[in-house]
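Next up is one chain by itself, shown in structure tokens, the form predicted alone.
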């Protein structure tokens, strides 16, 4: 798949965070198509619309209005069409309970939002380069949180 772009979907209610993410993803060496949504309701509407391109990876903020990240994660994992969708939790929270809950509910990786542009670019590059099949085959909570 090296010549085909990865379809990335970011669900985040913070406009500055979406802008920061877009700027960073434009600088990674992996070709991407980025779709941005403002909250969980828009995310689920996007995923359920058969006319939309199915993403390869969803970056999911936890704390959003209308429908939060945990609710979206549960709904996505309950849908057989999306059971293999790679979900990266992308949150400011470093709470052990948030990390554990998202791990148990089926997220693939947990990323604490960095404040530094270079760090964000490196994190995104790392996530987009992960061999997901290998990464998720023996996933345990110690490897769930992406170290920055």
Partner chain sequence: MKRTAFNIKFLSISSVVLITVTVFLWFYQGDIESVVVEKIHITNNHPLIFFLATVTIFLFLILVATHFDSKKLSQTNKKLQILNQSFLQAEKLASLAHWNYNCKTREFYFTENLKILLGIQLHDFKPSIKSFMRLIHHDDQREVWTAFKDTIRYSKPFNIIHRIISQDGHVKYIKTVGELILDSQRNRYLICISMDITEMTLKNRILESKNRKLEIFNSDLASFNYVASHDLQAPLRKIQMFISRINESDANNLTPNAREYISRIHAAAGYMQLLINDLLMFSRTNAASKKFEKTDLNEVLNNVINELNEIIECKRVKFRYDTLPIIEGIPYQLHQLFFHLISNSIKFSNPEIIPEINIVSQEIGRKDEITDTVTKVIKIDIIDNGIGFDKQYSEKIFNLLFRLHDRDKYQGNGLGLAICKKVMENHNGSIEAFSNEAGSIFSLYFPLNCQDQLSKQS
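These numbers were taken from a predicted model, which means no experiment stands behind them. Residue numbers count along the first chain shown, from 1.
The same protein has a further form, the form predicted in complex with its partner chain, not shown here; the description that follows concerns it.
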| field | Site check 4, 32 and 81: each within 4.5 Å of its partner chain in the predicted complex by heavy atom | value | no
If we test each of 121, 105, 45, 67 for a heavy atom within 4.5 Å of its partner chain in the predicted complex, the one that passes is 121
In contact with its partner chain in the predicted complex (heavy atoms, 4.5 Å), from 105-113, 37-45, 81-89, 51-59, is stretch 105-113
**Asked** Is residue 126 one of the residues lying within 4.5 Å of its partner chain in the predicted complex, judged by heavy atom distances?
**Response** no
Taking its partner chain in the predicted complex and a 4.5 Å non-hydrogen atom cutoff, the residues of 42-66 making contact are 63
